[in-house]
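Take a look at this single chain in structure tokens; it is the form predicted alone.
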Amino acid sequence: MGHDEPDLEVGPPQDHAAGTRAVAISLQQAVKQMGPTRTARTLSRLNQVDGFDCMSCAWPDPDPEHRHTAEFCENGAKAVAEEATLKRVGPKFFARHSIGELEEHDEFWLGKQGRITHPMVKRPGGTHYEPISWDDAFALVAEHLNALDSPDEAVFYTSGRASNEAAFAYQLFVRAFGTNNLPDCSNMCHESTGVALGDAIGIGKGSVHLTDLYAAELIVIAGQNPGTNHPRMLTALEIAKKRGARILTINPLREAGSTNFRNPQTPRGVIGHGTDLTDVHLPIKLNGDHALFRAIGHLLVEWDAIDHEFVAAYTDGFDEWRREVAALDWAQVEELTGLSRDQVTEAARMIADSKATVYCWAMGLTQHRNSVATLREVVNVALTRGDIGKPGAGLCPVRGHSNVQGDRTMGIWEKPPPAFLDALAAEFDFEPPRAHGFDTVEAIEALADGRAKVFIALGGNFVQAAPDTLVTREAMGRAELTVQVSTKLNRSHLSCGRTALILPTIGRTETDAQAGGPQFVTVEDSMSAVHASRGRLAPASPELRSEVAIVTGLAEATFRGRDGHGGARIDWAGLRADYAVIRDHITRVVPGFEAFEERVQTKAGFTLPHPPRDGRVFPTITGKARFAAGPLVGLDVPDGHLVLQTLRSHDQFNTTIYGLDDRYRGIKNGRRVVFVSRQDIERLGLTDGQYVDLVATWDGDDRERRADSFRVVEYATPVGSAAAYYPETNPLVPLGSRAVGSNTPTSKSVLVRLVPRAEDPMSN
């Protein structure tokens, strides 16, 4: 695959997000892929009560009475256009294009080819995908699964797009088969959040409602770029600002979406200046957040800015933590954060002066070796101020994929809690496996060394999303069978096993008709609200099947003829015919889903219980919220190296590339750029606009990891920190470099050298 980008242009970054240009681009891309009538009919139902849930981010919807007619953002419109496109990838396409030929194209080209229309198979030694019937596809999977020496030789991955109903049926199939090998995209993004919050407050989810952001006196946004990754959050921040909130942003880059928001649905956003969002911005060095929040805690203790009543009644471990923060080394803090003591003090004073603070974060905090410790330090600060379980305050991890939180709630987890397995056993009369399964990194390792032979993915683009791309591709190539349940073509269809299947599924925008009649599905957003989603478009092909139908079809084929087996006793056809049957099972297996069918039929759906938020009840091992003490550590950066974070452009969602522009950062017609400060460019003897190869350094092995031909772009980043887009830079993330406690790949703290290229690829 070629790396040259001859049309790449670099201009100044923007100082605001959204505005009328965002509307124009949204409509332009939607009409190009869907046509004007289909665009109007589809976007008018996006995130509406009687419509379908956005398939991109998991930002919550406002109450029904407060939703706009256009309740979506630019990237949401792009996501819909990608799914509802009129372009098709059918058997003739695969006959024309060999796998080797498709490998020569980039991810942008692959994604733009359209919707996959038929189940396809690559036979051993084959060069092309060929059509296969659904019955034969299911039988092929069953043959491979039943030939394994152990169920643990199969891996069952899930992306965050799967509905609650599909996820529940999937984990039921997998556990009836006999394994907990259920890695998911959480392992690569917010696993550190789940581990940290589970230990600290007893539940691995955020503790706020959307209305808490509106009521907050202060909102802290750390390691997050709302304007690109969760654009509808900007509307909530605008409401909060109008009600008097202050906003503190902590991020290596000062992003347009955190600076000024021009809401295209208000006169001020169309013809006025918009709303300035950030009051104070801290341009922190990569991996410096642990030190920052430790220093903030130190100052809160020094100033006695502590909610003593809350700490005494609801927490433990405070005295040990207080003794530790008292011994803070300010020189170490300034070195690790790149911030001055005055900057840190200003941020701490904002928190001390606020009676209600919401703490938001995303993957900028979760993908470091010390991520769990960092998030425990964020919680320490919140506990010191009593900022859990009161209006306008709380912890707000912002999830990236639309139902990634719901999938975990439904049991997609390689480490299921015993209570969940007990409930599953009681409901379905079989004994689920109890041993923990493989997470994402462990699954790749198991495929690489032959301990796993079958890989099945319910959605996603695993090969491009995973770290250490070359290692991951080689591991997938060693599998006997890979199965991808997909809507569109992606790299994971090409980096496949000896036998490979593509099973095409309907999307969120499309109708789901089963034997029991039209069906709807449900999702859970970042703030634990559950609501229905109903597609309205005709499926892209009559050959498509729903995720639930595919999962239950796989289960039926796998357990056929195994009379007496727990999986054979489950009524898979009944689950497929009427999703209300699945929801009825969920009511007895998953806490908080009592009267599921009745409550989800209401306009707003319902919000799951959250004991810390609802009543300051903390289901931890001590029965109280827990302060965490531990050493303050940072990265050891060798001379001549930078710390690189991988990030999205504004024209993508996860591994889906909508376009080749990142207009908020001034990039047009290209993606292979690396953002570096002027000081580092001079220090390393480079020039702005020069082309370099990125070479990763990791002391865990002697492999050289490279990503070639990136243009150096001078940018306002902290000295020592750099940034570049993924998935192009995923080959640089070592599989073995993981967060302590969560095993999350360290995609936001990759040590790299910038090696000048012998020949500038643009010289021709």
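Everything numeric here is computed off the predicted structure, so don't read it as measured data. One rule holds for the numbers: they count along the sequence shown, beginning at 1.
Just so you know, the form predicted together with a small molecule exists too; it's not on screen, but the next bit is about it.
The stretch that touches the small molecule in the predicted complex, counting heavy atoms within 4.5 Å, is 393-401, out of 517-525, 174-182, 376-384, 393-401. Using a 4.5 Å cutoff between non-hydrogen atoms, residue 488 counts as a contact of the small molecule in the predicted complex. Using a 4.5 angstroms limit between non-hydrogen atoms, residue 551 is distant from the small molecule in the predicted complex. Taking the partner from elsewhere, residue 56 is found to have a heavy atom lying within 4.5 Å of the small molecule in the predicted complex. Shown alone here, residue 157 lies within 4.5 Å of the small molecule in the predicted complex, counting heavy atoms only. None of 119, 364, 297, 612 but one reaches within 4.5 angstroms of the small molecule in the predicted complex through a heavy atom, and that residue is 364. None of 337, 405, 315, 224 but one reaches within 4.5 angstroms of the small molecule in the predicted complex through a heavy atom, and that residue is 224.
Three-residue candidate spot 161, 250 and 648; every residue lies within 4.5 angstroms of the small molecule in the predicted complex by at least one non-hydrogen atom.
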